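Only one chain is shown below, in structure tokens, and it's the form predicted on its own.
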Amino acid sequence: MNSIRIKKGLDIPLSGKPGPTIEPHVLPTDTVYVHPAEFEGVKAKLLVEEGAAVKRGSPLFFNKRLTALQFLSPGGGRVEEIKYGPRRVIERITIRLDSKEEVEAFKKYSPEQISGLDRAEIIGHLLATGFWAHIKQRPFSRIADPEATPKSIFVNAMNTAPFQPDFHVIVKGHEQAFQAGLDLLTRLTDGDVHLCLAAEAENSSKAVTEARNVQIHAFSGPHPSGNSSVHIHHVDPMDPHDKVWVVRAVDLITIGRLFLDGEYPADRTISFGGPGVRPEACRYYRLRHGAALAPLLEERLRDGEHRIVCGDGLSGAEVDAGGGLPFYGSGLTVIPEERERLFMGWFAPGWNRYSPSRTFLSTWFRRNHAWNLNSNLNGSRRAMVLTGLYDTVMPMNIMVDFLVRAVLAHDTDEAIALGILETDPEDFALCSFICPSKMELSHIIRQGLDEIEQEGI
């Protein structure tokens, strides 16, 4: 096992960390949702209409740009509503579940068969079931091109952002499915499959630390040591024309279950926490894929208005509390909404306020305190100032100030030279958190990557 220590970064002491307890029963729901808009780069073409009967695993829509890529129903029942947004973009498909759910049957594979499967058969099965969308390709962090052969594949079994699920908790009971997923990935590349995990992780599972047929790397240090870009940068750096695939370990369990069980997995385990969640409710829950979020949120949130974030509190996306669990949903973070402006807040001693710098007294005397942070920017947006502050939390060899300026100036050649192709927007979420100018750096980097992708490298 290769051990790598990351020194630059920042662990945000956010309150509401989920405990290692998993709710034993799947939370009940009578409705599941599919959100086609969450799949970047996918242009959806419907295969069903309102009122149509579907099974769990029936095709709902396919990608016009890659017709072999289909997306399936996470539940069996009837299509209750298809909601369209501007320009007839499909925003949401609502499926009312039947009491006796029908399930589409797929081919089942034994662990021995999986180890010898042909690459084309694996890709074809993943495309037909929509689970190919779990595999992302660098650069640009898009759904992987099935025609490409990656230089290597990285499996992320750790995430240091608050609060992503502890994979060692998630994998319990799914050890065989996880190893099956790893074996599948080894058939998709001529290079190595790298499994990246946290060094000295609590409740560590042998299924992770002793995984077979992969290169194991243990990372330690503050966030963003758990980001896949950091892993690639330190283990197998990319050249501009290289292609590297990235898979989250929590999604690999779902892929393994698909091949072993021969059906669309009914449920998944997610983490649930944050300052807006009641302390006794901060734990792991089992939800149906696409399940309505209302039964989970009911009576588990603190009083007041909250923002529901799918993913971590730094780079996650806000979701509608009246909607369903997104396809990529592995954790929910609840943060209180706060719009009040504190007059001359920077002038106060700051005993009860968190600061990533040493501006407030709390930094000196309350270092181990867990803070109830909220959505307040604590200031207005202003002009970007060259400070070098971003580089204190960026563990990769990237000059963030100059890279952001190159993107804003549409200087794509300079952005490529400064290393934008080996990054993902999530890598700049921590820079946005500490930014004195309140800039959305992740959004800026996403725009830069899109522009380079359109122009070509």
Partner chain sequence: MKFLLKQMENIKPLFMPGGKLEKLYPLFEAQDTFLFTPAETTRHAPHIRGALDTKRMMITVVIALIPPFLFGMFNAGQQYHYVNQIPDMGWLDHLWRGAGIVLPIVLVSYVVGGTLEVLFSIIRRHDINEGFLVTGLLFPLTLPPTIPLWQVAAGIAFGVVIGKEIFGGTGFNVLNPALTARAFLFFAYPNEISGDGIWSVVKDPENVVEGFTGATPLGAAAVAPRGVNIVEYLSEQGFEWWTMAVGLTGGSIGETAFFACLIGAVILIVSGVGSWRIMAGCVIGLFIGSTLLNRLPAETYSSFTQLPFHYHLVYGGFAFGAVYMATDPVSAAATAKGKWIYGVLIGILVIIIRVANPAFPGGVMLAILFMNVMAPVIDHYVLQAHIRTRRKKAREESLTYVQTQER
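Positions refer to the first chain, counted from 1. The model shown is predicted, which means the values in this text are computed figures rather than measured ones.
Only in words, not in the display: the form predicted together with its partner chain, which the text now covers.
Between 111-119, 214-222, 285-293, 168-176, the stretch whose residues reach within 4.5 angstroms of its partner chain in the model of the complex through a non-hydrogen atom is 214-222. Mapping the unseen interface onto this chain, residue 150 falls outside it, with no heavy atom inside 4.5 Å of its partner chain in the model of the complex. The shortest heavy atom separation between residue 382 and its partner chain in the model of the complex is within 4.5 Å. For the chain shown alone, residue 358 is a contact residue for its partner chain in the model of the complex, at least one non-hydrogen atom being within 4.5 angstroms.
Residue contact check for residue 74: none of its heavy atoms lie within 4.5 Å of its partner chain in the model of the complex.
The three residues 20, 138 and 267 each lack any heavy atom within 4.5 Å of its partner chain in the model of the complex. Only one of 253, 373, 97, 277 lies close to its partner chain in the model of the complex, with a heavy atom inside 4.5 Å, and it is 373. Among the residues 335, 182, 207, 281, the one placing a heavy atom within 4.5 Å of its partner chain in the model of the complex is 335. Shown here without its partner chain, the chain has 414, 417, 418, 419, 422, 429 in 413-430 lying with a heavy atom within 4.5 Å of that partner in the model of the complex.
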